[in-house]
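Only one chain is included here, represented as structure tokens and corresponding to the form predicted on its own.
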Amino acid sequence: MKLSFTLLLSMLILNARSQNELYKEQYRPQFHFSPAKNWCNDPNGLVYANGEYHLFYQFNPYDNVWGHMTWAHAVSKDLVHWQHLPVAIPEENGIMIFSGTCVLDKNNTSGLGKDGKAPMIAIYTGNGDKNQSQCLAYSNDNGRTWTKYSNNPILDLHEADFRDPKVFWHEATQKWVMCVMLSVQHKLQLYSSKNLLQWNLMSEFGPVGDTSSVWECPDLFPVPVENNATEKKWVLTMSMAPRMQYFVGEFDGTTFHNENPANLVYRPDYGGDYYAAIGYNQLPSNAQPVMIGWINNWNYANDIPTTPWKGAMSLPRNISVRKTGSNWLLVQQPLKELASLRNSVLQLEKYNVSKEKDAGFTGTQFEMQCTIETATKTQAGIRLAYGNNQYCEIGYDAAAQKLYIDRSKIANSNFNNNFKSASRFETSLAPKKNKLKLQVFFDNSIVEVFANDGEAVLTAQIFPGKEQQGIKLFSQSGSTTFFDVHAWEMRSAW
């Protein structure tokens, strides 16, 4: 099915106008990806092909709330600056296009290539009347136009909750592997294929870990072990609204074996607004894995006070793992290329804080780094969007060894009771030699916090008033020293 002319024309007009008339709204993120207009949720089909990073994502072409799920499309050369393209795979005949994956079929195993060129293959969940099945579309022009496979679906168990295929090539066994969820049963199924068209069940994983909500949006990929040039582990991620969890272990081509304690839950992000993250397929061989997630929360997603768009993507995160005792921890760091957006810099070598002190700069669009010398009983950190005694607090409780975000004092929180009640997020984090390193990105309505070089990450949305642009450092129950304070104004990527 090719995109209808009317929808294509409207998208082309929107693309031409978007950079001139949009991306100037109060809460609009400037260095996080967001659609020009309308609703978006899960990132889909992340693949590097022919020199471009492709981002497909769940999109409503008609409204600024969830519905009419379709794959929208954008491309980038650096994962920082993005170009919007027309809708890729539209809803049709009552079948919505739910989440899935995209690969470049380099050897044309599917037989769907043309003129000797490798096709791009999208495998997604077709969501129909009380049935979810896996379907395929293909492109022979680098993802610009798509055709739905005539023999869809390619995998159908006649289940109402069977979704979100992630497909990758497993080099060691020379086959395609699909991860897909039996969501209500809390089971990941692993299938194999030689041609992307016929699939055979290999194994299942679960239930284990967090089963408090349905499982969806799986991913399975190898990642490097930190500070080890040769060793790799396999990471399995999944989402259960409104959170995520991950497992670390080995994949032998048939079965995933978890090596972390089965009774513990590990989360890639401990904030309130990071979901459905997946990694890029087919990155260059020397590239570190990259993940992107959706910044929102199903408990209030339709109600956040943004217009004419709703929803955004996280910063691209490089992924590795770190062995701590007997546990494998996910380590996430923001893409280094984001530094290309840095503008003016504030640099302070040392800052002693008792109670509260101005940070020396203001704004709602910046990156900040600092090291906090932790004292035994203090709570210390950074207050963003400060004004009229309202702010968002990023803090570290030294006595409890907890890193937290508290948005309970932010100006605009009455748009949804679930948002208002979900005001504080925290995780355990031990200091390193009595020091805590913070890297904070604030992008008008998005806060991403990376602590101790990515050992812990928290993401949250906040909606301050226009006048609330102050930044303060604080310390309670004693004084705190802040070292190596740096802050950069960030330019818009649009």
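Residues carry their position along the shown sequence, with the first being 1. Computed from a predicted structure; not experimentally measured.
Another form exists, predicted together with beta-D-fructofuranose; not displayed. Remarks below refer to it.
For this session: Heavy atoms, 4.5 Å, beta-D-fructofuranose in the predicted complex: which of 212 to 220, 387 to 395, 412 to 420, 313 to 321 makes the cut? Say which one.
Result: Result for this chain: 212 to 220.
Problem set entry | Contact test in the predicted complex: Ser99 vs beta-D-fructofuranose, heavy atoms, 4.5 Å | Judged by the heavy-atom cut-off of 4.5 Å, Ser99 is in contact with beta-D-fructofuranose in the predicted complex.
For this session: Verify the contact flag for Asp42: yes if a non-hydrogen atom of it lies within 4.5 Å of a non-hydrogen atom of beta-D-fructofuranose in the predicted complex, no if not.
Result: Asp42: contacts beta-D-fructofuranose in the predicted complex.
Exercise. For Leu46, is any heavy atom within 4.5 Å of beta-D-fructofuranose in the predicted complex, or not?
Worked result: It does not: once beta-D-fructofuranose is placed as it appears in the predicted complex, Leu46 has no heavy atom within 4.5 Å of it.
For this session: Check whether Gln58 has any heavy atom within 4.5 Å of a heavy atom of beta-D-fructofuranose in the predicted complex, and answer yes or no.
Result: Taking the distances in the predicted complex, the answer for Gln58 is yes, it comes within 4.5 Å of beta-D-fructofuranose.
Exercise. Taking beta-D-fructofuranose in the predicted complex as the reference, which of His73, Arg407, Lys166, Arg163 has a non-hydrogen atom within 4.5 Å?
Worked result: Exactly one residue meets the criterion: Arg163.
For this session: Go through 69 to 86 residue by residue and record those having a heavy atom within 4.5 Å of beta-D-fructofuranose in the predicted complex; state none if no residue qualifies.
Result: Only Met69 sits within 4.5 Å of the partner.
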